[in-house]
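In the block that follows, a single chain appears as structure tokens, in the form predicted alone.
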Amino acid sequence: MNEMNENPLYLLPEVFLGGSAVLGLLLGAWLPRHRQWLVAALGSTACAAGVAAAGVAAASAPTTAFGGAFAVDPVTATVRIVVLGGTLVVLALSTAPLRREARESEFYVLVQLAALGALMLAGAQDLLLVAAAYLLASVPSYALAGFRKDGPGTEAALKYFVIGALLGVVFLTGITVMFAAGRSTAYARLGGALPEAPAALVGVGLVGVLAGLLFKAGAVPSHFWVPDAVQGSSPPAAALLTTLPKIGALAALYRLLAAPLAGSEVPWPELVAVLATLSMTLGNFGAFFQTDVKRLLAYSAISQVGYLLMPIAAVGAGAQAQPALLYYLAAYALTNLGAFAVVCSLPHARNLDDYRGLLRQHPALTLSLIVCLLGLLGTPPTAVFLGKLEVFTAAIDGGLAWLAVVAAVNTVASLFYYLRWIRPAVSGGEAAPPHQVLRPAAVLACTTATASVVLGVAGGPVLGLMTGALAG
């Protein structure tokens, strides 16, 4: 037992979240409807405890658990803190619109299970564990997409599930091919076997695995579900779908390419660079003329994955890639959740024109919207600005200067559709009907916008915490 290093304390944040989800499911069956919010409170407590446990574990040296299947290192620590913090935000955004709903506690449980899948994806060092984490992150997400049981929600869940099922099969096929090439599913053994395996076989397996992980990240060419699923979901569910699974999937992709495939002859840096270009470009094209705010943020999320893939393409060229990826993940999560918090705070404002005159009625909320949208663009002093500088630097250091140029052009182009949203919000124009605001979500929007600026200002010390070797 000791040789396998099966110490559950290494997975304390995951244990807190999983235990909370199971306990919340049981409590939800017995609690009266007006006390279902206790399940959200339990989940929030578990997330807070998980963040504290992750912070303590981050101070220790990188290690592995359960026979090397799960890693506890800077990547795991950062993803734990970001995902658990994001889960806290999603739970807080959900309480007001779901209060006294018949299935209120089920929503909170599904949110925690989806977040748990993202956590497991980030730390998995065995392809079988990656597959299990993929399913854990996917199945609750399908249910969340169609949770409202209305027409758009059902369509969203159906498209999300069908594409997910198809790419899930491709993903499992890729894992099988990788196993055939490396005679193992453990990263430690694959690292020694894959460089000696036929490159064509490894390449086929990698393409299959990429199909699944890019689906969870919402990147091209597995992005078709994103606009419809986000538009048809409730705003809190959409905030989750565009943030938490993406973080886990990109961390898993980074770990796969940085460890077992580092010595492979497969030209995966070029492949990932092309996917990054397509994601940021097609995402921008799709967002240009959107009038539905959730659909605009969905295409923005596709574009943002392109930037997040840049340091992954450069992972073998230096130590800059890891902190650039992790910092951008944290900055994106904070800023994207802030933008969705604004959407949640205005439940009747669905199109860009519905935001007209918002500045006169709710100046603080409008300022939060401007900070989040300009943050997604990459305007200083927000966190995404520093994140983009870091990923640009990582790409140039990795010999991908052309990719940095493409990303800079896409950044300028994205200004167009973010300003299309900001303009009606700050314009004087015709008198708009009073906006009904959900105060808890508005407070969260202001908080996340402020945190985005604080993270941008304190970026130097934070970046220093994200360096360090992966657990072997």
Partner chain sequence: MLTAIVLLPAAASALLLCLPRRAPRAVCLGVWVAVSAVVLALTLVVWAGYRAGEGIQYETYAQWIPSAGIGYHVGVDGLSLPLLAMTGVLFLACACYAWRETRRVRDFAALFLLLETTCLGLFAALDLILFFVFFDLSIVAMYFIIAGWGHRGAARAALKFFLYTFIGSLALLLGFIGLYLAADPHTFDMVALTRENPLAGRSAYGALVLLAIGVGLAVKTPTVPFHTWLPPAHTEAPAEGSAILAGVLLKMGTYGFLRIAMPMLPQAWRGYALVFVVVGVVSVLYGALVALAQSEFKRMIAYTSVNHMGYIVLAIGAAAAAGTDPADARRLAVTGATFQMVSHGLLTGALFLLAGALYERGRTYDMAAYSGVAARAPVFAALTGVAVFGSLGLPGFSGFIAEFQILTGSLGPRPVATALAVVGILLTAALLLRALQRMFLGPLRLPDSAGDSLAFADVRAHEGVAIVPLLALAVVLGLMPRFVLDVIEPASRGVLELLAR
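Please read all numbers here as calculations on a predicted model, not as lab measurements. Positions refer to the first chain, counted from 1.
There is another form of this protein, the form predicted together with its partner chain, and it is not shown here; the text below is about that form.
- Proximity to its partner chain in the predicted bound form, taken as heavy atoms within 4.5 Å, picks out 385-393 from the listed stretches 195-203, 385-393, 163-171, 328-336.
- Although the partner is absent from the chain shown here, L419, V426 and G464 each have a heavy atom within 4.5 Å of its partner chain in the predicted bound form.
- At the 4.5 Å threshold, heavy atoms of L282 stay clear of its partner chain in the predicted bound form, well away from it.
- Taking the partner from elsewhere, V457 is found to have a heavy atom lying within 4.5 Å of its partner chain in the predicted bound form.
- Among heavy atoms of P363, some come within 4.5 Å of its partner chain in the predicted bound form.
- Residue contact check for P97: none of its heavy atoms lie within 4.5 Å of its partner chain in the predicted bound form.
- Contact with its partner chain in the predicted bound form, defined as a heavy atom within 4.5 Å, holds for exactly one of E104, D228, D397, D354, namely D397.
- Interface residue among L129, L374, A143, A181, judged by heavy atoms within 4.5 Å of its partner chain in the predicted bound form: L374.
- Using a 4.5 Å cut-off on any heavy atom, the residues of 399-423 that reach its partner chain in the predicted bound form are, in sequence order, A404, V405, A408, T411, V412, L415, F416, L419, I422, R423.
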